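The chain below stands alone, shown as C-alpha cells; this is the form predicted on its own.
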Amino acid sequence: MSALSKPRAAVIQFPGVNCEYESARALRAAGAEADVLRWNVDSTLLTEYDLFLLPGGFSYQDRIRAGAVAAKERILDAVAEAIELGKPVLGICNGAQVLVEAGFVPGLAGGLELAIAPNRMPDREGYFSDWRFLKSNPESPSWAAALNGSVLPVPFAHGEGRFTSRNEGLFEQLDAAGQIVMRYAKADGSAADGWPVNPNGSVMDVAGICNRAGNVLAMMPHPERCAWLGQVPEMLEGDWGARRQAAMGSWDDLQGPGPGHALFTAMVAAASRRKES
C-alpha cells in the first residue's frame, strides 16, 4: 500500500487513557497512518481521518461509570458524524465503554440501550486481567467479519466488562441481527458456558458488539496488546502458544504478527475500501 493511499486513523486520547500509543502503533503495522489526537482538539480536524479508535484506560478516572464522562465530550459529535458517513470506529475496553455510553452501540433506537457493568465473578470482585479466547462471528455486518470465525487469544484488563441490559430480549435481538461480533470461547471455539472462560459474567458470553450498520465495534479485550507474536504468553494453549514457543530465540519471528493484528488489518482494509470507492 503506497503512502498516498494509506487511510488516516485518529486515536482519540481522553484524560486517563493509557493505550493510545500502542493502539496507534498497531494501526500503523496494519497499513494506516495513525495520529494520537487529544480530546480537546478542534473537532473539524477529524473530517480529515478515515477511521477512528477510542483506546483503553480509565478516562476521567472512571467517575460515575466507566466511559460516562468522556461520552459527553464535544469531540464525540465529530465521531458521530464519522459514523453516519460509514467510517470504521473501534472502541477498546474504556473506548468500548465510551461508545456504549454515547449510544453509538448497539445504535438501535438511540440513547443508552446497553451497559458495561462491573464484573461478576465467583469468589472475587473488581479488576481482573488475564487472557481469553474470542470466537468471531463471520455473519456479522461488522468489518470484523473478515476474521472468518477464527478463534483468537486476546488479553483483557477491566473492572467493568460485563455487557448487560435492562431491555428484555435485547441480546437475542442483537444475536439475530449478527451484532454480537465476538464471544468468549474455549480454545477450540466451543461455547464458554460461563465462568471462568467468560471472565466477567457478560450476557451470552459477549466480548464485542457492533452497531446496526456494522462500522462501529465496541470490544472489551485488548487486541493492541497482542498485535505482535512476542506479546503472546509462551505457555498459552493452542496454536498461538505453539507459534510463540517456536519463535523463541528469533527476534524477527517474535516481531511477526500476533493474534490481534488481524483485527487491525480488517479495520484498515475496510477504511481503504471506503476511501477508494
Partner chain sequence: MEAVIEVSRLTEAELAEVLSKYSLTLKLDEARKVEELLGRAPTLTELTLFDTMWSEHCSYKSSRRFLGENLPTDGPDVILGPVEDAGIVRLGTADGRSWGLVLSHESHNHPSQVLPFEGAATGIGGIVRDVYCMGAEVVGVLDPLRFGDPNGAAARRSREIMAGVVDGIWHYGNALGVPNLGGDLVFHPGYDDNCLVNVVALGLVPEDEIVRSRVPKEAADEQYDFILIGKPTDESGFGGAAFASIILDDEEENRGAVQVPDPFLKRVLSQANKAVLDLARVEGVPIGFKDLGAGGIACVSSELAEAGGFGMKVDLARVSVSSDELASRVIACSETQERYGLAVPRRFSERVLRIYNEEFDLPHVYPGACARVVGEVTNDRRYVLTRGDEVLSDSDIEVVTSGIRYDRESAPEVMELPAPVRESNRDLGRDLLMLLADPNICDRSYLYQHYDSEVQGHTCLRPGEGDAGVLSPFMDNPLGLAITCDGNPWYGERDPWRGAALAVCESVRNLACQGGWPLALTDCLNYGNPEKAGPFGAFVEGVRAIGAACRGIGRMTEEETGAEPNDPIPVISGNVSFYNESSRGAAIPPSPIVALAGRVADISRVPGQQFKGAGNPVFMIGERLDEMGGGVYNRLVYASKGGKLPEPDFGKVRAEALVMIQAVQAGMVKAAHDIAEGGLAVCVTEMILGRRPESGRGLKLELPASNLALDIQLFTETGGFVTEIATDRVDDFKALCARHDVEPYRLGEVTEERSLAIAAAGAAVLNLAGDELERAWRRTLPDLFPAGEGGTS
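Numbering follows the first chain given and starts at 1. Everything quoted here is computed from the prediction, not taken from an experiment.
This protein has a second form, the form predicted in complex with its partner chain, left out of what is shown; the following refers to that one.
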To verify the annotation, which of these, Val216, Leu53, Val232, Met219, has a non-hydrogen atom within 4.5 Å of its partner chain in the predicted complex?
Val232
Check each of Ser150, Ser190, Asn167, Ser129 and return the one that places a heavy atom within 4.5 angstroms of its partner chain in the predicted complex.
Ser129
Closest heavy atom of Ala10 to its partner chain in the predicted complex, within 4.5 Å or not?
no
Applying a 4.5 Å heavy atom distance criterion, does Asp77 contact its partner chain in the predicted complex?
no
Contact label in the predicted complex: Leu37 to its partner chain, heavy atom within 4.5 Å
no
Using a 4.5 angstroms cut-off on non-hydrogen atoms, would Thr44 count as touching its partner chain in the predicted complex?
no
Using a 4.5 Å heavy atom cut-off, which stretch among 101-109, 176-184, 203-211, 117-125 contacts its partner chain in the predicted complex?
117-125
Could you list the residues in 103-117 that come within 4.5 Å of its partner chain in the predicted complex, counting only heavy atoms and keeping sequence order?
none
